[in-house]
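The chain that follows stands alone, in the form predicted on its own, written as structure tokens.
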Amino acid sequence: MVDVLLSDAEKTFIIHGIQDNLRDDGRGCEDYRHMEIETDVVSSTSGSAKVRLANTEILVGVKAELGEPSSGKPDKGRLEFFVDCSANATPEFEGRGGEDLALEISNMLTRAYDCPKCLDLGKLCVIKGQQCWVLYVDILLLECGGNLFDAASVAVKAALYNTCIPTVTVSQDEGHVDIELSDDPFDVQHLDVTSAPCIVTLSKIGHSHVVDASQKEEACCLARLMMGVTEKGTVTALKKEGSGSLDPSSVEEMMETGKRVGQALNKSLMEVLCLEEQKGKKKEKTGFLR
């Protein structure tokens, strides 16, 4: 979380507005800011996406490479998350300033996706116990304007939706195994990310809670609850942060809000991704690194 200094009067104004379901930018407590999503923005990756949520901007690239499956899941592929905080995003990220935040985001995404029903990683297995597809998900924070976890999860889901994995042919001859990758750019498989989770962060401010907190609202928040939520409302991960406390009734209320908002967010995201895919080459591209 990037620190923003506010006066007591500013904090009081924000807190009282939230209690009346009217935030300083005109939103209600369960409303997200305007979000822009673009896929296929980096040509050197297997899949990519860029998300802009108000002043927060995140770029995600996915690289699919053959590797060994984990010992505990020999018949499944793997997901590896890496987060980098650009020093251009905020002066606080200069040097090693963003390492703790990068690790927090990476760990939360790993926990959110560590659910058998999120992604069918079995389809990424090539040879049981020997070879599988490993998806390296690289997340770059380009600009910080609040609510980094949610924006990162949306960008990750969009990039995975855009990921193309080459078709693999496995042949055996006298005990020797040959793996051949198709070089046809159209002979690929795609992941079904319909059940992949999005992270919803609920910030407790005063006696109320909000989603998609801005930087000013984050400065008024003493405790927040982060949830990995699927399109069916299943909670795949839950984490509490902050020095403030949350009573059981508040947690229950925040979780109900998180599930409701998470379902709507997943539904809207999938609709946008399907619509963009239907446009094909006709879609307007504003990305970079092409």
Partner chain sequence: MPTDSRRIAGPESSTNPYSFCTEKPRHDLLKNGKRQDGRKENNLRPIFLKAGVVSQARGSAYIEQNETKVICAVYGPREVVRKEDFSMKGLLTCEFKFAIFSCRERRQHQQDIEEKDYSVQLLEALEPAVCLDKFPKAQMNIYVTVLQNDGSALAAAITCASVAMADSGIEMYDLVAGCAVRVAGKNLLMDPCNQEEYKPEDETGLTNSGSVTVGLMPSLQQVSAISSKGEIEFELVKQAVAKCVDVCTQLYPVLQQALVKSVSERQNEEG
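Positions refer to the first chain, counted from 1. Keep in mind that this is a model prediction, so the values were computed, not measured.
The same protein also exists as the form predicted in complex with the partner chain; that form is not shown, yet it is the one meant from here on.
S.K.: Can you work out which of L79, C115, C164, A219 has a heavy atom no more than 4.5 Å from the partner chain in the predicted complex?
M.R.: Going through each option in turn, the one that passes is C115.
S.K.: Is there a heavy atom of H190 no more than 4.5 Å from a heavy atom of the partner chain in the predicted complex?
M.R.: No - in the predicted complex, heavy atoms of H190 and the partner chain never come within 4.5 Å of each other.
S.K.: Heavy atoms within 4.5 Å of the partner chain in the predicted complex: does P185 have any?
M.R.: It does not: once the partner chain is placed as it appears in the predicted complex, P185 has no heavy atom within 4.5 Å of it.
S.K.: Is L53 close enough to touch the partner chain in the predicted complex, meaning at least one heavy atom pair within 4.5 Å?
M.R.: Outside the cut-off, so no.
S.K.: Can you tell me if N107 lies within 4.5 angstroms of the partner chain in the predicted complex, counting non-hydrogen atoms only?
M.R.: Yes.
S.K.: Select, from the options 99-107, 205-213, 173-181, 155-163, the stretch whose residues sit within 4.5 angstroms of the partner chain in the predicted complex by heavy atom distance.
M.R.: Correct option: 99-107.
S.K.: Within 4.5 Å of the partner chain in the predicted complex, which residues of 231-261 have a heavy atom? Give them in sequence order, or say none.
M.R.: Read in sequence order, the residues that approach the partner chain (within 4.5 Å, in the predicted complex) are K232, G233, T234, V235, T236, A237, L238, K239, K240, E241, G242, S243, G244, S245, L246, D247, P248, V251, E252, M255, E256, K259.
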